[in-house]
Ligand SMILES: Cc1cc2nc3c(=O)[nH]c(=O)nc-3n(C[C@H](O)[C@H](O)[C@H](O)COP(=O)(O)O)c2cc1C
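The chain that follows stands alone, in the form predicted alone, written as structure tokens.
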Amino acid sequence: MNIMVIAAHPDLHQSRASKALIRELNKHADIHIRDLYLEHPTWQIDVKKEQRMLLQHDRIVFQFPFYWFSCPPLLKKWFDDVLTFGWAYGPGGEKLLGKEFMIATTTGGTEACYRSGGENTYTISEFLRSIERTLTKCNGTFLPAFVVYRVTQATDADLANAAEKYAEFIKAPREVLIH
């Protein structure tokens, strides 16, 4: 399976958690990692290139920090620019049919903060629903998210452990993830 991780962190090199995840993924030759902010510093997205990259991979993972209950703004722009009518959805828009999509995110809050009755009222899955629907509208299969909670208090060992689990998770067969 060809896996592409699109890392969308506005300052990836300053993030302990995101760097730990990427460091682990770099050990896996079968995972292609792209830094969205590094590749598009002026926010001018090469749509055709991005679409070609999507076609070359079976599973696409969007890795980003979860803040203000959403994804970073360049990733939102990427969705808007790349997932076009007639290509990703609508008449003739079946290029992503059969592709698997996943979100990997980090948050400073605890898992208990993201549940009914918790500080943020809703689960991560509920917050990610708009991205999920975007990708299913584009004929993709949305797989469960991988979330690392409480990253601001995590030790380096905690982050390394989470990163190992992350690599295993994104490489797992769909049947294992959605059992």
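So that there is no doubt, residue numbering starts at 1 and follows the sequence shown. As the structure is a computational prediction, the values presented were derived from the model and not from experiment.
Here the subject shifts to the form predicted together with this ligand, a form of this protein not shown in this document.
Whether Trp87, Thr134 and Thr141 all lie within 4.5 angstroms of this ligand in the model of the complex by heavy atom: Not a single listed residue reaches this ligand in the model of the complex, so no.
Arg16 within 4.5 Å of this ligand in the model of the complex, heavy atoms: Contact with this ligand, yes.
4.5 Å heavy atom contact, Tyr122 and this ligand in the model of the complex: Because no heavy atom of Tyr122 falls inside 4.5 Å of this ligand in the model of the complex, the answer is no.
Contact test in the model of the complex: Phe146 vs this ligand, heavy atoms, 4.5 Å: Taking the distances in the model of the complex, the answer for Phe146 is no, it never comes within 4.5 Å of this ligand.
Heavy atom of Phe66 within 4.5 Å of this ligand in the model of the complex: Yes, Phe66 lies within 4.5 Å of this ligand in the model of the complex.
This ligand: the contacting residue among Ser116, Thr152, Asn26, Gln44 in the model of the complex [heavy atom, 4.5 Å]: If I apply the 4.5 Å criterion carefully, the residue I get is Thr152.
Sequence-ordered residues of 99-128 touching this ligand in the model of the complex, heavy atom within 4.5 Å: Contacts from 99-128: Thr106, Thr107, Gly108, Gly109, Tyr114.
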